[in-house]
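As structure tokens, one chain now follows by itself in the form predicted on its own.
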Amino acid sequence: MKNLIQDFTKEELSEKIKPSFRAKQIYQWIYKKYVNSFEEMKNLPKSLKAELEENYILNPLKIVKIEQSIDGSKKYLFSCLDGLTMEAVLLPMKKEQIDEDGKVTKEAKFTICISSQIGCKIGCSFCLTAKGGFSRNLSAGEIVSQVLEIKKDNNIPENKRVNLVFMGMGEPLDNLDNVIKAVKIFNDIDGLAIGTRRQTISTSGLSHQIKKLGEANLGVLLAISLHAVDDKLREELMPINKAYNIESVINAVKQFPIDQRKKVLFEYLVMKDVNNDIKSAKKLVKLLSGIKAKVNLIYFNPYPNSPYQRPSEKSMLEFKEYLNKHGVICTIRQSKGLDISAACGQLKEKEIL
């Protein structure tokens, strides 16, 4: 049975392929030169190419569909080798700027939102991904290949760094081993060379797994999907809160190793007449006391038959201003890809027509 070559760290590959220095060459062909076949790896001997062809798979994902938003965001529907599908999103954060002489004065900046599972077990009431149920975890190589395919498709050069957010389909900490391995593969200097400080892992609050992630000491940024300030509402929105209540999540966060220059991001999805009142803002300030925190307010992104509504801009600004005045850094995330259902909580693999 063939193995997916992107499932292996460079060190693992060097143990399987001899002489071991070939692993570095293979890594560079895959992640820096974006080859689509082993035959294209010109500096490898024919015998090794034949060995790779016999034992490994190089292209685990196929782009089935690309939808582009008016804001430039692109949503990718990928098909895996077993026919199951999942989505990832390319988010343009800053446009390239060119002066009158044609010289690039500021480079374009991109964030790629990647999936860690096909479907999701968590079952948040506001999230469209959960409606499709859970199929399986993605392997480390399938996680990595999302970024590789998106970089290829957009001609993003190998030396152009991107930011990664594990905020696509699935709960990253429910697939922790493969996510940790993917982080290491992303970070490899002979691979995509995406530093761990450019990688953010978002979780709905699996307290024991937050602890394990912290013990791995990867240097990644942590984002907590909080969305409520009391257990009653959070259990309604996120059934996982019955197992991992707010107190357990906050305690786990306080033990998480974080770079002194960074903060833990708390994502707060704002829904009209549900959690957008000033009383909730007051509770949130108290809850985050003693934590190097930044709050990201997110507009609820509507989808058909949802019981929730998008809040007004006025209520969002009032909530933000209250937090800022009381010592909590707070920003409002402008939803990207809303018109193509690529915004937060809208990812759901669609039937291929």
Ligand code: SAH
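Because the structure is a prediction, the values reported are computed rather than measured. Throughout, we count residues from 1 along the sequence that is shown.
As for the form predicted in complex with S-adenosyl-L-homocysteine (SAH), it is not shown, yet the points below apply to it.
Heavy atoms within 4.5 Å of S-adenosyl-L-homocysteine (SAH) in the model of the complex map, among the stretches 276 to 284, 177 to 185, 214 to 222, 162 to 170, onto 162 to 170 alone. Within 4.5 Å of some heavy atom of S-adenosyl-L-homocysteine (SAH) in the model of the complex lies at least one heavy atom of Thr203. Within this chain, Tyr34 is remote from the site of S-adenosyl-L-homocysteine (SAH) in the model of the complex, having no heavy atom within 4.5 Å. Although the partner is absent here, His227 lies within 4.5 Å of S-adenosyl-L-homocysteine (SAH) in the model of the complex, judged by heavy atoms. Taking the partner from the other structure, S-adenosyl-L-homocysteine (SAH) in the model of the complex has a heavy atom within 4.5 Å of a heavy atom of Ile298. Comment: S-adenosyl-L-homocysteine (SAH) is not present in this chain, but in the model of the complex one of Leu269, Ile210, Leu91, Val147 has a heavy atom within 4.5 Å of it, namely Leu269. Proximity to S-adenosyl-L-homocysteine (SAH) in the model of the complex, taken as a non-hydrogen atom within 4.5 angstroms, holds for one residue of Ile112, Cys127, Val253, Ile118, which is Cys127.
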